[in-house]
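Listed next as structure tokens is one chain, alone, in the form predicted alone.
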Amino acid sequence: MKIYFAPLEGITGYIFRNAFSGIYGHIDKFFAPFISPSEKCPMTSRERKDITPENNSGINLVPQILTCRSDCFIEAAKELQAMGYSEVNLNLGCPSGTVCAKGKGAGFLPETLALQKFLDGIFSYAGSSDLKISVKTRLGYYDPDEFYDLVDIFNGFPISELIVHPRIRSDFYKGEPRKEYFAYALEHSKCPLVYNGNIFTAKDYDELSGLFNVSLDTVMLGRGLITDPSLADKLKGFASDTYLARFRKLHDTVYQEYRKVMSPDINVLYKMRELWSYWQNLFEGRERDIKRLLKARKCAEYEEIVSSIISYSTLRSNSVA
């Protein structure tokens, strides 16, 4: 079984990836939050810093590109290949309003003629430069039935992997994924498939495998892995009695690394608040302390609250089962 870590903008940057990889492991590929190339600049200095090999040693990282212009994609891909990357991922799933308004991410999906021309261009380049291109997609923009035509389009290209998040743009991340469309992909897609969406527990994975009547060999996890960092362990059958200790190590490592590169305190705490918006689900009965933590404005105050929460807690049973 292969497990991929989905990109979450603002959360799964190189600091988090390094900490997670060193403490938990069992991730076959990490996908970096997207870079958005422009005509004048294939990537910003901030994007470059996140994906530079020096900041991702020992990690199997796949950079992700968000664009609707084949020339911009190709220029970014050339930069990435020069950095040593042999695979890139095309983002056709981002539902952000600002992204979709520019015809990127999920906003590119209804433009099927333009999308096909775009894919012609980037795969022509890939074929001449030994570059693998995977695609992360939603079912469509307006209607999930758009997926039928999208599968036909994707089948015309040597996509290394097709990562399907079975929602449409307006679903964002709410409600149940439309699993019947992934079942359609299993029957009709010529591309190797990866399932992505709402796997938070081992039970979720087992139920999906039962629904599709196949073992899902490759899955991409995002919010599930942030919420329960030990989820990959459980899916791969690695039992452990050190869940709380490893969580503390993950927290402390990420926190201290942010403190090295960010100031003042409030900027560090903004980053940690994003993580605690997921982690709070691990600590039943500590809601009052977590509410205080999310309002902390100084690192000393934050550290005191975190120590109290972790020292006198056990992780919720459904997160360690």
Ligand SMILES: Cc1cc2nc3c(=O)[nH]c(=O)nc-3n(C[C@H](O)[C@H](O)[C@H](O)COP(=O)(O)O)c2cc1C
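A residue's number is simply how far along the shown sequence it sits, counting from 1. Note that the coordinates shown come from a computational prediction; the quantities given were computed from them, not determined experimentally.
Below, we turn to the form predicted in complex with the ligand, even though it does not appear here.
> Is the gap between Tyr173 and the ligand in the model of the complex 4.5 Å or less for some heavy atom pair?
Replying inline: Tyr173 belongs to the contact set for the ligand.
> Taking the shortest heavy atom distance, is Ala77 within 4.5 Å of the ligand in the model of the complex?
Replying inline: Contact check for Ala77: no, nothing within 4.5 Å of the ligand in the model of the complex.
> Do Pro33 and the ligand share at least one heavy atom pair within 4.5 Å in the model of the complex?
Replying inline: Yes, Pro33 is a contact residue.
> Looking at the partner-bound form in the model of the complex, is Ile3 within 4.5 Å of the ligand by any heavy atom?
Replying inline: Taking the distances in the model of the complex, the answer for Ile3 is no, it never comes within 4.5 Å of the ligand.
>> To verify the annotation, which of these, Lys249, Lys179, Lys102, Arg223, has a non-hydrogen atom within 4.5 Å of the ligand in the model of the complex?
In response: Exactly one residue meets the criterion: Arg223.
> Picking from 47-55, 250-258, 279-287, 33-41, which part of the chain touches the ligand in the model of the complex when contact means heavy atoms within 4.5 Å?
Replying inline: Contact-bearing stretch, as computed: 33-41.
> Relative to the ligand in the model of the complex, which residues of 150-170 have a heavy atom no more than 4.5 Å away?
Replying inline: Going through 150-170 in order - heavy atoms within 4.5 Å of the ligand in the model of the complex - there is one hit, His165.
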